[in-house]
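Before any questions on how it binds or moves, here is one chain, the form predicted on its own, in structure tokens.
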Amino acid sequence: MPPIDLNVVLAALSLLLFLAFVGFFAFLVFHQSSIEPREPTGAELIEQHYAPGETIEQPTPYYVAPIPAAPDPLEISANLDKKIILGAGMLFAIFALVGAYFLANPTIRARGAEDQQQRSIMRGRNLYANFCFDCHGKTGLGSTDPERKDLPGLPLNKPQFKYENIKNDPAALKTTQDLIQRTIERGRAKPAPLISMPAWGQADGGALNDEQITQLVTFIMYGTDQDWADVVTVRQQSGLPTEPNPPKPQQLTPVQLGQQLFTSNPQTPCVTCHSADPNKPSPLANAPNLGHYGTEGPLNAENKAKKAAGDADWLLHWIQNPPAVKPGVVMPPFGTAAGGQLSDDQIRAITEYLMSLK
């Protein structure tokens, strides 16, 4: 015979005592109303000498026997007090059983919180399997996954995000939690052709409510290796592909790519010095405004001479290594052959953009 669970015994006793408590007070109300004397109506003397429905043929005698005494009010009051005390005792016994339950289970609150967290991890895992899988991969490694270099998502399953690794640093814990939550809510824009992360929060036009975002954060920060491994199982059970299918990069025209490199390339942001808007001055006073470069360029004598000599790549050569064309110029080299960060194809895209500025 299996051992009796103390939790079941306490729960059963609490339920039985509560039902007895309700039944007792129901009986008390009924019984008390039946023994209390009724209100006088003035017909008591007649009812004492005549049966119901009997015709009264003579006046009621002046003197009649006294009405039988009603129950003693003091006795009624004493009985009521006893019943109230008994009912109060039963009520306190119910609270005592509840207290006994907590004493017998001192870790009930901790176990309840742990159970709630496990449910949140499970639901966050399911959300990840449905919404994040294609960009961040099977195990959350994203672009660092050695088997899937084509994944555009950043790694989520990494030590810096693990609760166990940052739990002793409250500031880092809160910063990390806020970062993950805000990124999921608002997304993360990247310049084309890179893949941007969409905003998932409903307030930002996404499909996930606040509770679902919290579940995703919980999964990322508290999920174990087994939880991450179960992502593929969730996909299988849902009839979904078990290999990520990331969105394809946007195909840019050379002009679009050049504009992106000119305005938002973190390594060589041309707009740090130059303005491409003819109505706005350049941030650097000595840097020419390039807003009409397609019709007004080249702007210095050296480039003008190269263009006049028939050099079709005069602008390419200028961006590759300006000091080689005009010694002493402030503009640094950008071509990789001269120590810069841009390939020839990237520089050609920038030249296409500059020549489109009419």
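Computed from a predicted model, the values in this text were never measured in an experiment. Throughout, we count residues from 1 along the sequence that is shown. Take the two forms, superpose them, and find the largest set of C-alpha atoms that agree within 1.5 Å; that set is the rigid core.
Absent from the display: the form predicted in complex with a small molecule. The rest refers to it.
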Contact with the small molecule in the predicted complex, heavy atom within 4.5 Å, among I121, C270, L97, A276 goes to C270
Heavy atom within 4.5 Å of the small molecule in the predicted complex, from candidates G87, P249, P198, P254, belongs to P198
Within 4.5 Å of the small molecule in the predicted complex by heavy atoms, the stretch out of 87-95, 233-241, 162-170, 146-154 is 146-154
Query raised in the report: Non-hydrogen atoms within 4.5 angstroms of the small molecule in the predicted complex: do L141, L316 and L357 all have one?
Result: no
Contact between N286 and the small molecule in the predicted complex at 4.5 Å, heavy atoms?
-> yes
Does the small molecule get within 4.5 angstroms of any non-hydrogen atom of M221 in the predicted complex? no
Contact flag, H292 vs the small molecule in the predicted complex, heavy atom cut 4.5 Å
no
With a 4.5 Å heavy atom cut-off, would you call A229 a contact of the small molecule in the predicted complex? no
Once the core is superposed between this form and the one not shown, does A285 show a C-alpha displacement of at least 2 Å? yes
(message) Quick check on P152: with the core superposed, does its CA move 2 angstroms or more between this form and the one not shown?
(response) no
*Any CA movement of 2 Å or more for T176 between this form and the one not shown, core superposed?*
no
